[in-house]
Structure formats: C-alpha cells, structure tokens
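One chain follows as structure tokens, the form predicted alone.
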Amino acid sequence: MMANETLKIIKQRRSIRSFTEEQIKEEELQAVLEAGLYAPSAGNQQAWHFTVIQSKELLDRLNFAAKEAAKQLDNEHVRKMANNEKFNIFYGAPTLVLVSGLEQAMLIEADCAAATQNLLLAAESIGLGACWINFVLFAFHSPDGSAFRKELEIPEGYKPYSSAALGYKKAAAGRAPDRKPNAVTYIR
C-alpha cells in the first residue's frame, strides 16, 4: 500500500477529548489557520470566516448556552449530554476555531467542512490535539445567539457551521477502529 506523510497523518488523526490547560503557541495557531484557509471551496469563493476563541470565560459561556439550548431538543442522546453537569462541550481545550460561512455562498456547508478538516489535519501534523465540535452551534440558537454573533464579530450574512477545539493532548490517541467493509464500489 502506498504511504507518505500526508496519508500517515490522515490515518493517525483521532478526535481528542482530553486536553491540558496550556494554551497553544501562536505559531502553531497560525499554521493551523493557514491550512484552513487553503481548503478547497466551490468556485474558489473562500466564503468562510474563522473566529479564534481563547478566552476561558467566553468558552465557558458558550458551553453553558449550548447545553441549555440542547436541553430543549427532541434528541435524547443530545439532551443527556446537555444535562450532564460535568460535560464540557470543548473537552477543556484552550482554543476553539469557529468556522462560519456566507449563507448565500454556493455549497458553503461543504466548504466550511473542508476548511474544518484541514484545521484538524494540520493540528495533528504538528502534534496538537483537535476535535470537531458541532455542539457549540446550539449556542447560536439560544436566547443569547444574536449577542454571541455580535461578540464574536461574525460578519453580517455569515452563519457558524462548525468548529475545531485545539490544544495539547493529555494522553496519546487510541488505535483507529477498523474501517467498515464494502464502503467502495468500483466501476471500471
């Protein structure tokens, strides 16, 4: 099987859910952000916006608002997570990169997903832990949603689509689960 550094990083990347409290270095943050900015986008629109949040106080408020909003959902699994007082939606990560997209842009959800994946892969490639976090989106559907958009300086016409929690791993990631069989069909 072919192998190179990129393929190795893709295979070893895992969602990290246990971080140290130490803030990541500025050069690490900039490297991860640059990778996100180089993601593909439909028609090369690059219609995304990244908001970096490193304020513990703001992360705590987002955590609380998201959990409060999630308590009202029909999804029993999500409600159970939201009602767990010990659950932190960011798993204690000291940095969050919120990925927003211009709502009127073509295929913006896919573009924001590609940017988020680039953030995650770049983090892994430089030894950071990362986790794709969508739970935070509930905060924008809370009574404080508009205030959060303003405080986070999300541009007019943009909507948060995903985020990546970043930090130093508390422990090594586990082994990757086996891939499901029969996920590829070949027509040659």
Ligand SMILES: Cc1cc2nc3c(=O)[nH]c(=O)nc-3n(C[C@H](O)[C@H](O)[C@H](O)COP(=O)(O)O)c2cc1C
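One rule holds for the numbers: they count along the sequence shown, beginning at 1. Predicted model only: the values in this text are computed from it and were never measured.
This next part talks about the form predicted together with the ligand, which is not shown.
S.K.: I'd like to check something about residue 69: if you look in the model of the complex, is any of its heavy atoms closer than or equal to 4.5 Å to a heavy atom of the ligand?
M.R.: No - in the model of the complex, heavy atoms of residue 69 and the ligand never come within 4.5 Å of each other.
S.K.: Within a 4.5 Å heavy atom cut-off, is residue 132 in contact with the ligand in the model of the complex?
M.R.: So residue 132 counts as contacting the ligand.
S.K.: If you check in the model of the complex, is residue 170 within 4.5 Å of the ligand, heavy atoms only?
M.R.: Residue 170: no, not in contact with the ligand in the model of the complex.
S.K.: For the interface check, one of 149-157, 132-140, 57-65, 38-46 should have non-hydrogen atoms within 4.5 Å of the ligand in the model of the complex; which one?
M.R.: Contact-bearing stretch, as computed: 132-140.
S.K.: Out of 1-19, which residues reach within 4.5 Å of the ligand in the model of the complex, heavy atoms considered?
M.R.: Residues within 4.5 Å: 13, 14, 15, 17.
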